[in-house]
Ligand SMILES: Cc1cc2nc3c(=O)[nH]c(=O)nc-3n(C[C@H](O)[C@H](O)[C@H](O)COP(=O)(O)OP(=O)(O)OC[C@H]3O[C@@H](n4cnc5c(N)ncnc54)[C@H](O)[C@@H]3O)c2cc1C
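Shown next as structure tokens: one chain only, the form predicted alone.
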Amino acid sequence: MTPNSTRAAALARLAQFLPAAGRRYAETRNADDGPASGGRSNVSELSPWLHAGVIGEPEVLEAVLGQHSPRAAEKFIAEVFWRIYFKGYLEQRPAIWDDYCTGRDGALAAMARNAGLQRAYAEATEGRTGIEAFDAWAQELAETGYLHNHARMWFASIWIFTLKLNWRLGADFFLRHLMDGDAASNTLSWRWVAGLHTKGKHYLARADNIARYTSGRPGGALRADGLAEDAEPLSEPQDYGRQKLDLPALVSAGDLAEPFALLLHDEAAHHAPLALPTAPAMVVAAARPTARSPGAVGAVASGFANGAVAGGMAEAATAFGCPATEWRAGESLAALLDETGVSRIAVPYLPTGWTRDALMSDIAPLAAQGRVVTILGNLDRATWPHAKAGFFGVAKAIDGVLAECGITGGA
């Protein structure tokens, strides 16, 4: 069953989690107690809705600061900014994504030629390695479309250093099954575990650490026998230089004075977080979850994405009292707009990654004609310039960014 992808469900989950977003989160967030019917109590599990743009980071931060002091909620606030940091970092180094895609395709082709690799990959992705913890997470991911953040790190470490599988194949496995299959967070997190994001600094999973933080699972602590205890970080020949950010101008009511269509996509599936200054004449929905990978995308992940965009289209059409239509893969966006008589389109920013890859070839010609208005939120705009290197640059700027964006929790 695909989890509820609506904005109402996101807001309900946020309200449920808010009391725990302060010191309790800081003290318990590393524990992976397993999936629960009512949701884990120690982490927010908001990432699927945040990735889909059904709910926005600013409103989550505003709600948290409305109940907790900045000091009490420091750890949770930092976790939200990690998502924004990864986006900004990849925007300044898009070649990392391009090389990931090329390397992934090469790894898939190499596996197709090697029966031993195929067998090892199948055992890993189907949860048949004999490493109890890893197998539990592989099955949980495929069944639920979600993994606790700590489990993602352990899983990636075991994949790379114990099973010695190509990290890109693991990152691709996550993208195919995670409801929050974010190109930036996923790619850069796998690279961090491997020792590529912060060169020479990798993450080795330990059996005692896994047992400690999984002791609250219904069946007891997970075993992880036979893990690599001494492994060198991965390395790569290329060095990804930082390029200057090219951010769109702030959008005013004047920019949207002419009738326009609002595009909703996999990373901006709802109109509410966009805070449009004027109403669209039409809503266009473009869900592309299959663009995440050359392989089959899991039913839970694709169901969540399709549901979020379809639901967002329906709610926007009702809110604005305008028609709505679906832009299907393979169809011409220009032709669709011409049929409706709407010449301009407002596009929520397409970050580096699979959503951009799926949509930009059709949007770029319209942009060259001056028919596209790109929307970028103030929090991203203020944070991304600080994402030049490690997270420390963003961490130092958090207080100033929150103030600049007016995110105070009503204080």
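Numbers for residues come from their place in the sequence shown, where the first is 1. Computed from a predicted model, the values in this text were never measured in an experiment.
Here the subject shifts to the form predicted together with this ligand, a form of this protein not shown in this document.
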- Per-stretch contact check against this ligand in the model of the complex, the hit in 109-117, 247-255, 171-179, 330-338 (non-hydrogen atom, 4.5 angstroms): 171-179
- Item | Answer option from S302, T214, S185, S293, heavy atom within 4.5 Å of this ligand in the model of the complex | S185
- Let me know the one among M282, I158, V80, L90 whose heavy atoms come within 4.5 Å of this ligand in the model of the complex, would you? V80
- Task: Report whether all of S5, A310 and T355 sit within 4.5 Å of this ligand in the model of the complex, measuring from non-hydrogen atoms.
- Result: no
- Give a yes or no for W137: in the model of the complex, does one of its heavy atoms lie within 4.5 Å of a heavy atom belonging to this ligand? no
- Though only this chain appears here, would L147 touch this ligand in the model of the complex if you measure heavy atom gaps against 4.5 Å? yes
- Consider V373 of the chain shown here, and say whether it contacts this ligand in the model of the complex, taking contact as heavy atoms within 4.5 Å. no
- Evaluate M153 for contact with this ligand in the model of the complex, applying a 4.5 angstroms cut-off between non-hydrogen atoms, and reply yes or no. yes
- So which bits of 27-60 sit within 4.5 Å of this ligand in the model of the complex, heavy atoms only? V43, S44, E45, L46, S47, L50
